[in-house]
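Quick setup: one chain, the form predicted alone, written in structure tokens, and binding and motion questions come after.
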Amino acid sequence: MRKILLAAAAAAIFAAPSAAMAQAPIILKFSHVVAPSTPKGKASEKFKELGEKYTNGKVKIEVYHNSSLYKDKEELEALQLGAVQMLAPSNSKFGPIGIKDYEVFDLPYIVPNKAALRKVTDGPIGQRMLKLPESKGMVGLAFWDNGFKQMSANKPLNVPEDYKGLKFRIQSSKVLEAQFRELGAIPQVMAFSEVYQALQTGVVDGQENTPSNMYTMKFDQVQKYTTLTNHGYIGYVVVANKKFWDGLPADIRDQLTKAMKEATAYGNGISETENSESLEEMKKAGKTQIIVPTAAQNAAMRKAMEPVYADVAARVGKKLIDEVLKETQGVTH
């Protein structure tokens, strides 16, 4: 906490330069918890490139990958305090600070494919949801994709019964807790940066993630089996510190908004490719056996997770869940 407060004080000096420092570039620190080679890592670097270009160097964007500044639980507090100016936390991270609506994306099988996802994030629902962080001192700027999650463990995961008694690492999300409890598993909240060691030492038995996250963090090297369930989605909400963002000169803010729009299109455009390539690399490495479920096994998993919707309706909002289901109904690739 002391570290965050000191960093916030230092950030305030650079983020709001006085007239005497008018020639100094505005520093924008962008922190995240994944590797530079992931879709989020590449999108953040693209934003840095375009943001500095469009502002003619008036803004210097510093990207911090791999939890090098803050871990999962620290980063939103750091943003609210002004220690960093921009983040791209996963949807799940907002629940603990009171923005539970984003956990709708954690519901198993709610978004069947990328086309359905775009209908939600690019449409009225998504635009409304981007305004939610304002009550917490943040500005929502964009939705970034990672991709669809797969399950991994040191035993084959084919049917719901295979999950019973296993400890699974999850992000801090009541929806994900409900999902694994429904399967008879034991969910354990853990920072992303700690997952590899936890899997290696047996602190947890398994995890759920996208192939790009698994491969770049070498989870496949410490998990004997990976099942291609595509049961859930990992995405991010790009947020900026509201005081910082609102305090920018209008022309600078417009240029950064343009950079963000283009970086979003770039990152979301490569996410499927990155995940496909990572999956192929995992297959080549041969450390984890890839399991492709049958149609019957997929149906059994869907049926086992159906009660989660009712379990979390009061938390996430039944109206929002119904809106998303209606928007995505019948949408194919």
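A residue's number is simply how far along the shown sequence it sits, counting from 1. It should be emphasised that the depicted structure is a prediction, and the values quoted were computed from it without experimental measurement.
The next section is about a form of this same protein that is not shown, the form predicted in complex with a small molecule.
A.B. asks: Based on heavy atom distances of at most 4.5 Å to the small molecule in the predicted bound form, which listed stretch, 114-122, 89-97, 258-266, 245-253, is the contact stretch?
C.D. replies: Among the candidates, contact is made by 89-97.
A.B. asks: Can we say V34, R169 and N213 each have a non-hydrogen atom within 4.5 Å of the small molecule in the predicted bound form?
C.D. replies: Looking in the predicted bound form, the three residues V34, R169 and N213 all sit within 4.5 Å of the small molecule (heavy atoms).
A.B. asks: With the partner left out of view, is I234 within 4.5 angstroms of the small molecule in the predicted bound form by any non-hydrogen atom?
C.D. replies: Taking the distances in the predicted bound form, the answer for I234 is yes, it comes within 4.5 Å of the small molecule.
A.B. asks: Would you check, heavy atoms only and a 4.5 Å threshold, whether K40 touches the small molecule in the predicted bound form?
C.D. replies: Residue-level check for K40: yes, a contact with the small molecule.
A.B. asks: Does F180 make contact with the small molecule in the predicted bound form, using a 4.5 Å heavy atom cut-off?
C.D. replies: No, F180 is distant from the partner.
A.B. asks: Using heavy atoms and a 4.5 Å limit, would one call F192 a contact residue for the small molecule in the predicted bound form?
C.D. replies: Contact with the small molecule, yes.
A.B. asks: Which pick from Q85, S173, Q223, N209 sits with a heavy atom within 4.5 Å of the small molecule in the predicted bound form?
C.D. replies: Filtering the options by heavy-atom distance leaves N209.
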